[in-house]
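Coming up is one lone chain in structure tokens, specifically the form predicted alone.
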């Protein structure tokens, strides 16, 4: 395999690829095709901001066309560059393969800091970026489907949809050109929490294996385990809230842009989020103390560390100081390839980004399917199921001579709403994907970490698609 790379994040992704590739037995040419980015579109366009024009630098990268459409978020950050977008697009291909979502990988980036622009200016930039994508056929429900990422959300996705629909008047599946939209703009219930909920389901499955937990000195189950979270954005927030409320996890530390805090008795994430909205900072939250540095959260003694910020947070320089027993990569690429070698030697379990943060693309897939079917999930079957369950309960009551109260009957006989189906589908996806990865880890000789096992699983699936296309015999 070639070792050419652009350094940094992409280099780290490719090092992990190369590490796994030798266990696949696939031809060199096929591996090289899977490895490279198929299409890279760099654009620069003028936008009037205030009384002057600014030239905005932006990208859209389609990593793999083995399946269409390609899929991946759009991030707004002053640190966006071509290498980063290529690395993120590459990860998306493997991420989709791991969770059996039928997309190729893609990613977009606009080199701006959103906080420096008004809402009207951001709308103007978003619509112009979308126009550029339309011009080059880099967006469409059957071609390339963007989604939110760092610095963007449902608002930006609604602007993208509106711009696309304006250009493509009358296209019946236009709403499937982008996911992560507001629910009332053809979005889907449960998308906002999807990545964080996926992290929770993945952690819940990973800690359920007694033998695996014994190796790292933990008891099975999430209940009572301590967690530190770097980043209180969408992913970090929902990971914390759901882990706390549904898993019984104790959050002991949180880091954000303005600083890091520690609370040995636990930090209520909902209250912390409200406190930050009111004060503009997490620092000073009652019952906590401020840590010297934001990065100190990465070195705390805890059971589970959740890096949910940006890439390259754990490097060779600080990896030896990491004390967590499990690292859940909620962000993309928070651990460099070289740093991971150090962590693995320390006996730390690393649950890789390409699996654990795939909840977002999984529910984006559900949203895309909803858009193509033009009907919300549960609409056809909810009432039918409810009546069927009700008849069954009534039958049991008659046969046993016992009855249940109204509240119990409502709980037992309730039909599934859209969000119930989304959460159920996401949990099923995350459990199945972890079991596939773990199977590779247990059975493939020489594979001794979850990331390599995940790569092997992904490469097998992508390669079978290329072979099915007849490109490689």
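What you see is a predicted model; the values in this text were computed from it and never measured. Residue numbers count along the first chain shown, from 1.
Heads up, the form predicted in complex with a small molecule isn't pictured, but that's what we're talking about next.
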Inset, instruction - Name the single residue among 164, 377, 366, 150 that comes within 4.5 Å of the small molecule in the predicted complex, judging by heavy atoms. - result: 150
Legend entry - Contact assignment for the small molecule in the predicted complex, among 179, 357, 243, 90, heavy atom within 4.5 Å: 357
Inset, instruction - Spell it out for me: taking the small molecule in the predicted complex, does every residue among 98, 433 and 457 have a heavy atom no farther than 4.5 Å from it? - result: no
Legend entry - Segment that reaches the small molecule in the predicted complex - one of 394 to 402, 248 to 256, 137 to 145, 212 to 220, heavy atoms within 4.5 Å: 248 to 256
Legend entry - Interface membership of residue 266, the small molecule in the predicted complex, 4.5 Å heavy atom rule: no
Inset, instruction - Examine residue 294 and determine whether its closest non-hydrogen atom to the small molecule in the predicted complex is within 4.5 angstroms. - result: yes
Legend entry - Exercise: residue 190 in contact with the small molecule in the predicted complex, heavy atom 4.5 Å: no
Legend entry - Residue contact check: residue 115 to the small molecule in the predicted complex, 4.5 Å heavy atom: yes
